[in-house]
Ligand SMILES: Cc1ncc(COP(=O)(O)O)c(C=O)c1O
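Just one chain follows, in the form predicted alone, and it is written as structure tokens.
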Amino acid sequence: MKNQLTRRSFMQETTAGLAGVALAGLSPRTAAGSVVKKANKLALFGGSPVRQESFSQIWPVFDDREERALLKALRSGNWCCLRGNAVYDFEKTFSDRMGVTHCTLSNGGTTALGASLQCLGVGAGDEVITTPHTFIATINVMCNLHALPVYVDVDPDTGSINADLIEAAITEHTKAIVPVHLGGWPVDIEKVMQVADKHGIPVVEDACQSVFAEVNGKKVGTFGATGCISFQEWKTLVCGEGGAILGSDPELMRRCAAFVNNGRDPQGQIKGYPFAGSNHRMTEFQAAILTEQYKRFLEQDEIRQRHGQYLESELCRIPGLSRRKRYTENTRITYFNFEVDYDRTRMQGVPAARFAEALRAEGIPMQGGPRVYSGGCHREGMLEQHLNSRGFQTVFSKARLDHYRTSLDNLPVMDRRVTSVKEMIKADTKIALLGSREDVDHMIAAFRKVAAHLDQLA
């Protein structure tokens, strides 16, 4: 990066007072020139920590606005969306902001994924290409349709599905591709779409954790046939439980809306229950909270962007720290999770895990280590239960299931047989970046302090 310092210039700048003396809760700017005891000793070894107080852990954020919205829904007596308007009003608001023509709310991100696959015709005997590095819900919906989740290995530099490997995984049974934008970091979605379009395979984007992430000005969740969002309480836009299906194909979205509402035609053109369906409706209570949380989210997103960009820019001036890989330069991440690459060779050989340990002692909750991806959905017991079930064994031949089991061992990056030389420092910054600029300055000061005293960690 253009603002990357050399080790020598970094040490000269740091020893001027912005890192080693940013102690006792002072920001780098206010700390300059202060005289602070133990300035040259890391907190890990008895020095004074940069930050004394903990970061706020209160989430979700709410006040009487959400309470009033809930009471309004309660007192209306219209608790189901079939008689209310909060669900349908928010669908219009959200689709407009996301840049699609249709949005269907559901009672969860999982049911949004399941409805999308069902309405695209995925069923028994089919295959769906996806990543092993995701929450199990992504896989639940495939297996519940008696379809095989076909795993493509991950990019060692990001943990996202390796788009270069997708084409080789396509077979005559492939009915959909489900890339997952984890933690606010977009996958290589443009390349995924190129492969999908070439083979005429629909894409269902799992964008559950990545509301407002963008690639080249287009929001993730709006590239594929559908995109699925989660409003579960540990996302950035929340209502406890809830989800959304996004799309612009009117007939497909008509069927998705019907599916979450027992198969009723949302256009009212066909009476009765003409379409496949279940009951995955969002309640008016969820939508009432979601409406207020959305207003709050718009403000929070701006704060995260401002603080996240500032934090990343300043940290990447430290020799040995650099931006995590993006697939296009014009990528907007959400700072749901924060990551920087860590080069041990420029950090006097100090492992990222040790650096992060020192940061935690300074009051900054960061984790560090090699870019490896533990576990994986391909190793979960639920998968073998499905493969051994009567349904799967009726649909799939023994030879095909045996071949599938063998394929699960062909994920060298996910299974740590091939690892990136990179290490990383990371944190869940969904809450931490919503504080003051001084909070972010404390993070920067702690990083600078630890980097300036690597000799104490070696």
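Just count from 1 along the sequence shown to find any residue number. Predicted, not measured: the structure shown is a model, and the values here were computed from it.
Below: the form predicted together with the ligand, not depicted.
Q: For the three residues Thr236, Gln305 and Thr334, verify that every one has a non-hydrogen atom within 4.5 Å of the ligand in the predicted complex; reply yes or no.
A: So, no: the whole triplet misses the ligand.
Q) Considering Ala137, Leu383, Val215, Ile170, which brings a non-hydrogen atom within 4.5 Å of the ligand in the predicted complex? A) For this set of options, the contacting one is Ala137.
Q | Heavy atom within 4.5 Å of the ligand in the predicted complex - the one residue of Gly108, Gly277, Pro370, Pro202 that qualifies | A | Residue within 4.5 Å of the partner: Gly108.
Q: Indicate whether Gln232 is a 4.5 Å heavy atom neighbour of the ligand in the predicted complex.
A: Yes, Gln232 sits close enough to the ligand in the predicted complex that at least one of its heavy atoms falls within 4.5 Å.
Q. Would Leu113 show up as a contact with the ligand in the predicted complex if we use heavy atoms at 4.5 Å?
A. Yes, Leu113 sits close enough to the ligand in the predicted complex that at least one of its heavy atoms falls within 4.5 Å.
**Q.** Contact label in the predicted complex: Val187 to the ligand, heavy atom within 4.5 Å
**A.** Heavy-atom contact with the ligand at 4.5 Å: absent for Val187.
Q. Would Cys119 count as a contact of the ligand in the predicted complex, using a 4.5 angstroms cut-off between non-hydrogen atoms?
A. No, Cys119 is distant from the partner.
(Q) Given a 4.5 Å cut-off on heavy atoms, tell me which of 248-256, 120-128, 176-184, 320-328 is the interface stretch with the ligand in the predicted complex. (A) Selected range: 176-184.
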